[in-house]
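To begin, one chain is listed below as structure tokens, in the form predicted on its own.
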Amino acid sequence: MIRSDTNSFIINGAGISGLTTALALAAKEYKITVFEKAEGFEMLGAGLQLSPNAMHVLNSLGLGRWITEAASTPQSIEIANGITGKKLTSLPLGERVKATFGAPYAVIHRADLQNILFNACKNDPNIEIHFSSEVVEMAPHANGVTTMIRQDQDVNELQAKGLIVADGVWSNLRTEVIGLEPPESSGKIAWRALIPVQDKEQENTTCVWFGPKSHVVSYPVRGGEYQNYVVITDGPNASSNKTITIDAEELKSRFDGWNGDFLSIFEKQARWTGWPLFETPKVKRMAYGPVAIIGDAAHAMLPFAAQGAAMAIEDAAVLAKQIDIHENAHDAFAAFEKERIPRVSKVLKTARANGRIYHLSGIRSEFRDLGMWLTPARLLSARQNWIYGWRP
């Protein structure tokens, strides 16, 4: 039985942003109903990075213990030129980051994080989650919002204090109902694979390789049992997020001229899956009366700042704070939008700029490498302080 309570909130989407928001609001004793159009969770995907700004939120929700058990905490970021193999710099993580920002820098498999969030929601009496269902229409009004919920073949009406759109980059509510622009193809593809780790101690780092029009990131997941590889290359403009599979030898051919030691990753047993990358070029709206838009539905970004999940998690904390402050959803969501748009816009721009730097070629890449080689690691790390230092 679905509750119909004008003092409750509806969340459309049970991804990282939706589930984190459900927990943040339930902690403040609001009643939450989450709708997810999938039949259930597919425990697929790849790794993601949880910087201290995200970890503060997850810790505040009482999830720190489970995150610690499932995640890894790399000791450093090792950056190298993929063509020459030359190491450019080493940025400390581990205890240094925890001491500086009060929370660790963790890496985790997306499915593991989603499972932790889902189990926490399932055990919270203030949260209901319904699969095979989604919000298809909405009618904002002075007292909140009336929604139409499609569940299998049935359509039901449900009222709430507010609606939170958290259904990802391909949100139908964002484009067809609210009328915002669809995401744009970046012309790049992220090829991902999980490769079993042979020597756990040796692999407890995040590694980055730069190359012309490409770069690669790797870090441990699943308790260090696997190394998550993300290989980003140019690709054709895509019109959907449909995944692509590729043979390892074919992917390896795109890295002709790269260092031989690096190319050995393509010789390991792995399934490479390509995900076309889309982004929201500009964040114009995150609120529409009693409707809030969060996570990738609001600000899908390229992975060059490793902040996509972190921004969604931040959204949850800020939204819960503003709802707790204001009597009605209209005012709460307007305040949420005002607080979030400047920050997520700056992170979007940072990710875009990082991508240009990572993929430089020719003489410009040589200047980049020289600059990184000469700049003290503490100064390079400090460029991220404004991101990592955020707290809810």
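None of the values given here were measured: they were computed from a predicted structure. All residue numbers refer to positions in the sequence shown, first residue = 1.
As for the form predicted together with a small molecule, it is not shown, yet the points below apply to it.
Using a 4.5 Å cutoff between non-hydrogen atoms, R192 counts as a contact of the small molecule in the predicted bound form.
Heavy atoms of F336 never reach within 4.5 Å of the small molecule in the predicted bound form, leaving it off the interface. Contact annotation: A310 falls within 4.5 Å of the small molecule in the predicted bound form, judged by heavy atom distances. Although the partner is absent here, I77 is not a contact residue: none of its heavy atoms lies within 4.5 angstroms of the small molecule in the predicted bound form. Comment: the small molecule is not present in this chain, but in the predicted bound form one of L319, A166, A71, L163 has a heavy atom within 4.5 Å of it, namely A166.
Though the small molecule is absent from this view, in the predicted bound form it lies within 4.5 Å of a heavy atom of just one residue from V230, A270, A111, A103, which is V230. The candidate stretches are 252-260, 291-299, 120-128, 85-93, and the one lying within 4.5 Å of the small molecule in the predicted bound form by heavy atoms is 291-299. Taken together, the three residues E36, S133 and A306 all lie with some non-hydrogen atom within 4.5 angstroms of the small molecule in the predicted bound form.
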